[in-house]
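Coming up is one lone chain in structure tokens, specifically the form predicted on its own.
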């Protein structure tokens, strides 16, 4: 890498460092640590997305769904046990229901193998579709009374009371598992259709979690979620948030090192070859669909892991709180501003854009207050009563302005992918 690239990176990170110092001065240590801990979680999300988009050119617009899966699994694994559920009739009914579901799943899987007995083509497809429809109707009919019984007796099933870090790992694995089946169905689609499909699937995941009161308490939310480090109630806000930031920063560093090694390895070169010219890569004997599926699963697993860390930090699982703006679009802005295909750029973009996102509100408040005072003083202008309440929406304007300027002046990002030139 040439000296100019080093200078640019040092300058950019120095500017972010100065911004953090200013935030500490104006808002205090506790607020700044909260911002940096959340930014570290977003950095994991950005690394997962840059793995998909930067390495393989996969347009995943369903990041929110994988964040929700990671958060949900962490809630189930780490939230304290609900003794009222485990001692109720609802637990027995749920157990019998899960056994029935397992039998139905095995039956449907068996239908997919009926070509072995000579049933092929359209007839096989019809049999599988009928089986899936029957399984869906059975699932709905049998689940409704079980869910009602659980909600009546104990509210919801509660958690397992296991370590939080185990929940994060299982959350990432669950997101990867779901991504595998989504990828099997959608990765053959063109980029724009893939984006629409993943966006729709993310909304479906959110709707399921939001309406499954017996499983997630729905709009009533589940809190407080446990932390993998001492909480503010134990050691205070500054110490607790410092510990959480240290843990997430270590994880970001480990993921960064592993992705850097993968990027420079033959596997990474192969993924970029598929991204740049899949026809040539296929001509060289590469299995395009398999490699895309691999990277889609890996990236989604990282997004699920980062989502688990992010939801744990908030200490509340609220299915209504998952939004495309915060958990999909904002991560895309981070990757595009930082530099797709550059892991360091993804981390820089996560921190810089999240600072812009959080600081948009206080900056807008200051600007609006100045406009109101100057307008009243100079022009006898009476500001609208809700002027100050609009400051929260101004953060969307600042993020939109950021991505617009980035796409206009640095389309490859502030820290673009480093391409090796052959002389």
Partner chain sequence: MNELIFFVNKVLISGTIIGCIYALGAIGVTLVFGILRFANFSHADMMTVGAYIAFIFASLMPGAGALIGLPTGFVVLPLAIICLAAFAIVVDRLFYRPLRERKVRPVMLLVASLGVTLMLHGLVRLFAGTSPRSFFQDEKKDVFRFDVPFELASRDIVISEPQVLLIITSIVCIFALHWFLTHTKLGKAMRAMSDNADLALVSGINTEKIVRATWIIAGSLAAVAGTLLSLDVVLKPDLSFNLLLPIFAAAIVGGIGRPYGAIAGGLLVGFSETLAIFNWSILLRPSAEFLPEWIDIPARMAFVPTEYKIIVPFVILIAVLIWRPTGIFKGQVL
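Numbering follows the first chain given and starts at 1. Here, rigid core means the biggest group of C-alpha atoms that superpose within 1.5 Å across both forms. Everything numeric in this text was worked out from a predicted model, so none of it was measured.
What comes next is about the form predicted in complex with its partner chain, which is not displayed.
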item: Residue stretch of 103-111, 234-242, 304-312, 136-144 approaching its partner chain in the model of the complex, non-hydrogen atom distance within 4.5 Å; value: 136-144
item: Residue 262 within 4.5 Å of its partner chain in the model of the complex, heavy atoms; value: no
item: Interface membership of residue 211, its partner chain in the model of the complex, 4.5 Å heavy atom rule; value: yes
item: 4.5 angstroms heavy atom contact with its partner chain in the model of the complex for residue 83; value: no
item: Contact label in the model of the complex: residue 382 to its partner chain, heavy atom within 4.5 Å; value: no
item: Selected contact from 256, 329, 227, 180, since only one has a non-hydrogen atom within 4.5 angstroms of its partner chain in the model of the complex; value: 329
item: Candidate from 344, 298, 173, 186 lying within 4.5 Å of its partner chain in the model of the complex - any heavy atom; value: 186
item: Whether 9, 11 and 17 all lie within 4.5 angstroms of its partner chain in the model of the complex by heavy atom; value: no
item: Heavy atom within 4.5 Å of its partner chain in the model of the complex - qualifying residues of 400-417; value: 400, 401, 403, 404, 407, 408, 411
item: Core-superposed comparison between the shown form and the other one, residue 14 Cα displacement 2 Å or beyond; value: no
item: Core-aligned CA displacement of residue 129 at least 2 Å between the shown form and the other one; value: yes
item: Core-aligned C-alpha movement of residue 112 between the shown form and the other one, 2 Å or more; value: yes
